[in-house]
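Have a look below at one chain only, the form predicted alone, in structure tokens format.
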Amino acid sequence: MPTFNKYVQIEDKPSMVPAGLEKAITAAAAKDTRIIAVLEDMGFPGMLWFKKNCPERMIECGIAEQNAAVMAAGLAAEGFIPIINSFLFADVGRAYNQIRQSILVDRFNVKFIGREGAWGEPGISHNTIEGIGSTRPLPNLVILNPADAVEAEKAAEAMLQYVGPVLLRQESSPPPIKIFSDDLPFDIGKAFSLKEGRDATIIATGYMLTEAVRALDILEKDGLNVGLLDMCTIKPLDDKAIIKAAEKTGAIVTAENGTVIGGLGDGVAAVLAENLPTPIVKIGIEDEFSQSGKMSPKDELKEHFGLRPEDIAVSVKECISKKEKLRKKRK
């Protein structure tokens, strides 16, 4: 097994992101009465805790996402910290204009938890894959995408401490493995290096960090020393970490459970193009919709979308080949 950073404590067992979110949100809400749970005909992290301890801080808006966004803006304007939870297509997609006009323009302190990803029984309508690409251009919005329960807890804590609008993307995916130790340091805007590499660097976000960790075993057996960078903060990107990885390995592979158009890969590619042109291969959903499928560790949609460890390993080798060809041309 590859040698990882001291804050990496990999265990091949499910690490449920919702559990991490619930732990952080209920702990914060117990101390801060400004935190309001805004529901949109959906559940909420820590719903039972809110019902038992402060039902007056729960507001059910039903399937009226535009109204919820404007109401949250009003609450934030009065000093509250509203958290809206739903599928990303609903709480953000359906209220896109209201969020832009009523929340982001004034940088109101509203938090969004939006669920999406290529997997899950609901299919095309609910398992959207374009959330990162559609929200990255929005000014004043921080975007987080945690990889396991520990990072989800840390990201939610940081989200609630940050003053301003934040979208935390909760992925529809098979359960990720446990990756991080409980003392993981977390800062918004900072990538985390799980492993330094020599031949290439994988930059992964969210669930795809699980697949990237598994891919490292394959690559190590093939004699390749590959680095792994966790990009939990999608916006703002950690430009310095991206450039450092490119300088060290000269080959970058990005991995995300979402469309490659406008997503993490495009963001990383833009940083490299402006600062240090480097061979890059983007792993993610191509120009197509998500599909319905069972959510299990051996989900058939992994193979369909090319998101397995084996697929990542092939992409890494492709990127290394690009690097070597470029070096020969320069000679």
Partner chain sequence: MAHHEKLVKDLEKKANQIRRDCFEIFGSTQMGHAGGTMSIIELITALYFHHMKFDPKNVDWPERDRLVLSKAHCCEAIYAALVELGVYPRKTLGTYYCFGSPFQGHADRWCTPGIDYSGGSLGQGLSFAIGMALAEKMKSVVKDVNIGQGGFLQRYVVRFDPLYRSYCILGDGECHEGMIWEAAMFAAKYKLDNLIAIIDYNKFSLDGPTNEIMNVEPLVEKWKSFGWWVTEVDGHDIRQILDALELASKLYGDYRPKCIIAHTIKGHGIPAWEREHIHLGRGAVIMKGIEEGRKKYADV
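Keep in mind the model is a prediction, meaning the values are calculated, not measured. Numbering follows the first chain given and starts at 1.
FYI, the form predicted together with the partner chain isn't displayed, but the following is about it.
Student: Looking at heavy atoms inside 4.5 Å, which stretch does the partner chain contact in the predicted complex, given the options 204-212, 249-257, 115-123, 67-75?
Tutor: Selected range: 67-75.
Student: Going by heavy atom distances of 4.5 angstroms or less, which of S172, S134, S193, S102 would be at the interface with the partner chain in the predicted complex?
Tutor: Of the listed residues, the single hit is S102.
Student: Counting any non-hydrogen atom inside 4.5 Å, which residue from A270, A27, I59, L276 sits next to the partner chain in the predicted complex?
Tutor: Here the answer is residue option I59.
Student: State yes or no: in the predicted complex, is some non-hydrogen atom of F80 no more than 4.5 angstroms from a non-hydrogen atom of the partner chain?
Tutor: F80 belongs to the contact set for the partner chain.
Student: In the predicted complex, is there a heavy atom of the partner chain that lies within 4.5 Å of any heavy atom of I283, even though the partner is absent here?
Tutor: Because no heavy atom of I283 falls inside 4.5 Å of the partner chain in the predicted complex, the answer is no.
Student: Is R107 a contact residue for the partner chain in the predicted complex, using a 4.5 Å heavy atom cut-off?
Tutor: Taking the distances in the predicted complex, the answer for R107 is yes, it comes within 4.5 Å of the partner chain.
Student: Does at least one non-hydrogen atom of H304 fall within 4.5 angstroms of the partner chain in the predicted complex?
Tutor: Because no heavy atom of H304 falls inside 4.5 Å of the partner chain in the predicted complex, the answer is no.
Student: Checking a candidate spot here: are I36, K51 and Q98 all in contact with the partner chain in the predicted complex (at least one heavy atom each within 4.5 Å)?
Tutor: Yes: each residue has a heavy atom within 4.5 Å of the partner.
Student: Using the form shown as baseline, tell whether L48 and K111 are closer or farther in Cα-Cα distance in the predicted complex, where the change reaches 3 Å or more.
Tutor: Nearer in the predicted complex, by 3 Å or more.
Student: Work out whether the Cα atoms of F44 and K111 come closer together or move farther apart in the predicted complex than they are in this form, the change being 3 angstroms or more.
Tutor: Farther apart, by at least 3 Å.
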